[in-house]
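Quick setup: one chain, the form predicted alone, written in structure tokens, and binding and motion questions come after.
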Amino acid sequence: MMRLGTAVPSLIRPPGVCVPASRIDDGSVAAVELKGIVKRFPGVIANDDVNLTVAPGTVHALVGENGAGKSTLMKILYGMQHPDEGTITIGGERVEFKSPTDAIRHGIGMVHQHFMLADNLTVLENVILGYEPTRFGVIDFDGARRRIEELTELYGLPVEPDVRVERLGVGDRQRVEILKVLFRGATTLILDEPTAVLVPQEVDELFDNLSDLKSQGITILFISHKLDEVLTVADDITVMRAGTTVAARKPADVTSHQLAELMVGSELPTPETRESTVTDQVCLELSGITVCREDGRPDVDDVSIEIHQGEIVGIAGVEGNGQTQLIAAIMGTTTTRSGSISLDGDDITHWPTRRRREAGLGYVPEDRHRHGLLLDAPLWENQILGHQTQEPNARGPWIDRRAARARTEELVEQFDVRTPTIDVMAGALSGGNQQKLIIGRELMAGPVAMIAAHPTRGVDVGAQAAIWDQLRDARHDGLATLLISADLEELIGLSDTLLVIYKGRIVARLDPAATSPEELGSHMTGAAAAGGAG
């Protein structure tokens, strides 16, 4: 018999959970009310006089830049952090949460952005883990299965209780996380960036699930930086900026552009770049690059690209059409079947990655957590990554700790990386600040050419605008940049030349000034005739 933590006696509602007053007297009392919330950390005020009122049975969106204080506020509501000032009221009852257990007892459940599931356990085992119902002193699996089936039917969350989680897709895993908190009696759900890892079809399915939950009286706090989605799903929107609440809006009364400007506190910049800085000097050149799979089929098929000094060449394409393999070929982390690569006139085709980096090849990876950062290392150590053999980070064969720290302080100041100190772990930064750290690290090294793969993926509008500015400034200073992005506005706005990759081949060369997103999308999906390859 599997043993899973401490048993609890009830399947329907755990003892001590209060039914919020707003669920009884519909609409007369707020499901959640936060007043004057203040939370201080050493060197920073994360929340400063935050006010939030959430009506029962609604989807209430909370939006703001990375670092605006949204996550801290939700951790306070979920009992993971304790406010220094302010009050929390749940269904008309003032409460003080010392832990998430207290929050759960008052009907608050949280689904984190990064799922907390055990792959080797079944759906049922994950749902009851740490909260196992018992009968006659043993875990009541049959009763738990019945309760899960009731919940899936009631809230439109179809999952098979006996399937191992490792066999589930991302959308199904998210439904399991929602079932976990509903099983514990939650009547208010906090969803932290719930669409960050979902494909469009899964996003639509999630929104259907939220509609079903809302129809059953569940209240949902929806944290996101995807403003078009917020306007689609929310009943009410609260905007946070610099640690405090600055506006409350109805979706019908605001546009995504207006929301973005409320988030950043000023007119929203665009990626528009039209003044040419392109010279005749070729900095990075690919000639006939082919990369094949083990079975001989090409992922990259005879690709040739020239990037000049002061030029941004954008590559558009549906993900999975060879972009990742092309980047790996340029960086030297995969073997090319044929073709050549030159950097500033030197043939680097057979150079190892380290030598390419030392020769001036910058790299912003598409997955910052896997390939760009050591999340459990401080910022000053992350600033060294990829440049650990070069001054000022190194003196001979040794790391120059003092110089590396000074360099990091300069980076934090120049690129507006918001952190109390350079000794903070990289994993503690918001996504936007992590990305600014990586881009700053690469640009401060003075590269000849740089690969920027999805440089603004998963960051808010403020960080996005800052990164656009940094790429424009680097272009003006003569940097040659290969920009790979799924953001068509970004590609059209920043690029001097646009290439489209489809099934591993460059199928179109376009002028960004004369290209629409619709035309670009047509080439990306293969609907347009191939042509203009360069």
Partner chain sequence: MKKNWKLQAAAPILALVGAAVIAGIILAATGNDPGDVLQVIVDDGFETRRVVDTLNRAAPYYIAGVAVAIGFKMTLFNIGVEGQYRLAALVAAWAGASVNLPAPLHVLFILMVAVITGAAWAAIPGLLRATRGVHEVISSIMLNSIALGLGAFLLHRWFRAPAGEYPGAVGTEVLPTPGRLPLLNGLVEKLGVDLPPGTRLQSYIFIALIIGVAYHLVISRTRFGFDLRASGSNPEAAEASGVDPKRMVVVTMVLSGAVAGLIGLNNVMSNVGDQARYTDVSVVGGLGFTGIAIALLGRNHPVGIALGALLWAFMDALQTPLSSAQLPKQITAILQGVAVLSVVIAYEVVRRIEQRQQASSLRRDSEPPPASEVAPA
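Remember, it's a predicted structure, so these values are computed and weren't measured experimentally. Residue numbers count along the first chain shown, from 1. We call the rigid core the largest set of C-alpha positions that still match within 1.5 Å between the two forms.
Not on display, but discussed next: the form predicted together with the partner chain.
Of the candidate stretches 239-247, 459-467, 381-389, 291-299, only 381-389 has residues with heavy atoms within 4.5 Å of the partner chain in the predicted bound form. For residue 394, a non-hydrogen atom is located within 4.5 Å of the partner chain in the predicted bound form, even though that partner is not displayed. Looking at residue 354, you'd find a heavy atom of it within 4.5 angstroms of the partner chain in the predicted bound form.
In the predicted bound form, the partner chain sits within 4.5 Å of a heavy atom belonging to residue 374.
Mapping the unseen interface onto this chain, residue 136 falls outside it, with no heavy atom inside 4.5 Å of the partner chain in the predicted bound form. Across the proposed site, 93, 141 and 162 without exception lack any heavy atom within 4.5 Å of the partner chain in the predicted bound form. Taking 370, 146, 257, 98 one by one, only a single residue has any non-hydrogen atom within 4.5 Å of the partner chain in the predicted bound form, and it is 370. Of the residues 153, 413, 423, 253, just one reaches the partner chain in the predicted bound form with a heavy atom at 4.5 Å or closer; this is 423. Contact residues in stretch 232-254 (any heavy atom within 4.5 Å of the partner chain, taken in the predicted bound form) are absent; none meets the cut-off. A movement of the C-alpha atom of residue 38 reaching 2 angstroms or beyond is seen between the shown form and the other one when the two forms are aligned on their rigid core. Annotation: Cα of residue 481 displaced by less than 2 Å between the shown form and the other one, core superposition.
Comparing the forms between the shown form and the other one on their rigid core, the Cα displacement of residue 423 stays under 2 Å.
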